[in-house]
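What follows is a single chain, given as structure tokens, in the form predicted on its own.
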Amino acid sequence: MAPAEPHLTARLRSARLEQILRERICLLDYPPGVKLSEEALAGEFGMSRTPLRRVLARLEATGLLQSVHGVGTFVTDVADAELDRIYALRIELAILAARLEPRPPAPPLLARFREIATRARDLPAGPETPRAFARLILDFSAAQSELSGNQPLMEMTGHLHGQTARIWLHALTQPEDGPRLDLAEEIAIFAREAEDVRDALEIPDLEAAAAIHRAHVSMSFRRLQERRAQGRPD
């Protein structure tokens, strides 16, 4: 969202700002522990402090931020025990998208899944690959959110994904607290998931698509657990 977007309503501007800040946190533009400047954000997005604080409060409610009275607002970290609980809930919720108000994809949405599968297959190697890969997965999650009309379920699923996405990206790029996940392997695994989900939606079989995603969330969690174990001293 650029400051010069006067055509947007106040509600749309707030929603767009929330999306941008969420993405910055998930992509580690704002890593855990960083203090957000209300003054800088208000100036960047051309809005007053009051609506900005409402956006920050919503992000705090999802666990991405923490407000410390008299100090400021900080990006949160995720402890191992909390991460385990979040992943356990993501695994259980994954299948519900196909059972609670499922929405077979219309042609434009199906085209997005096809495009995501192609991008995953053709993702080039380079210094920007981890970020491009993380962006691809955020796009995949956004497309999946349109496969159910149950808004509370989709909102919760999105919030939980935001919590785990930044931990997962950190595991791809930051070696100081344990071995890195293998980027090429993770891309190949995701490409298979994207293609399998696309194929299931082509039929369309939303139950199969949800089961495929659930299996991949579970396997992703196992790989993170293995990395955590490898990083612990004997």
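From 1 onward, residues are counted along the sequence shown. This structure is a prediction, so every number in the text was calculated from the model and none was measured.
Omitted from view is the form predicted in complex with a further copy of the same chain, to which the following refers.
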Partner-facing stretch of 205-213, 26-34, 192-200, 60-68, counted where any non-hydrogen atom is within 4.5 angstroms of a further copy of the same chain in the predicted complex:
60-68
May I ask whether Pro127, Ala184 and Ala188 each come within 4.5 Å of a further copy of the same chain in the predicted complex, counting any non-hydrogen atom?
no
Any of the heavy atoms of Arg85 lying within 4.5 Å of a further copy of the same chain in the predicted complex?
yes
4.5 Å heavy atom contact, Arg222 and a further copy of the same chain in the predicted complex
no
Is Ala98 a contact residue for a further copy of the same chain in the predicted complex, using a 4.5 Å heavy atom cut-off?
no
At 4.5 Å between heavy atoms, is Asn150 in contact with a further copy of the same chain in the predicted complex?
yes
Of Val75, Leu93, Ile137, Ala117, the only residue with a heavy atom within 4.5 Å of a further copy of the same chain in the predicted complex is Leu93
Of the options Leu110, Met156, Leu123, Ala142, which one has a non-hydrogen atom that comes within 4.5 Å of a further copy of the same chain in the predicted complex?
Met156
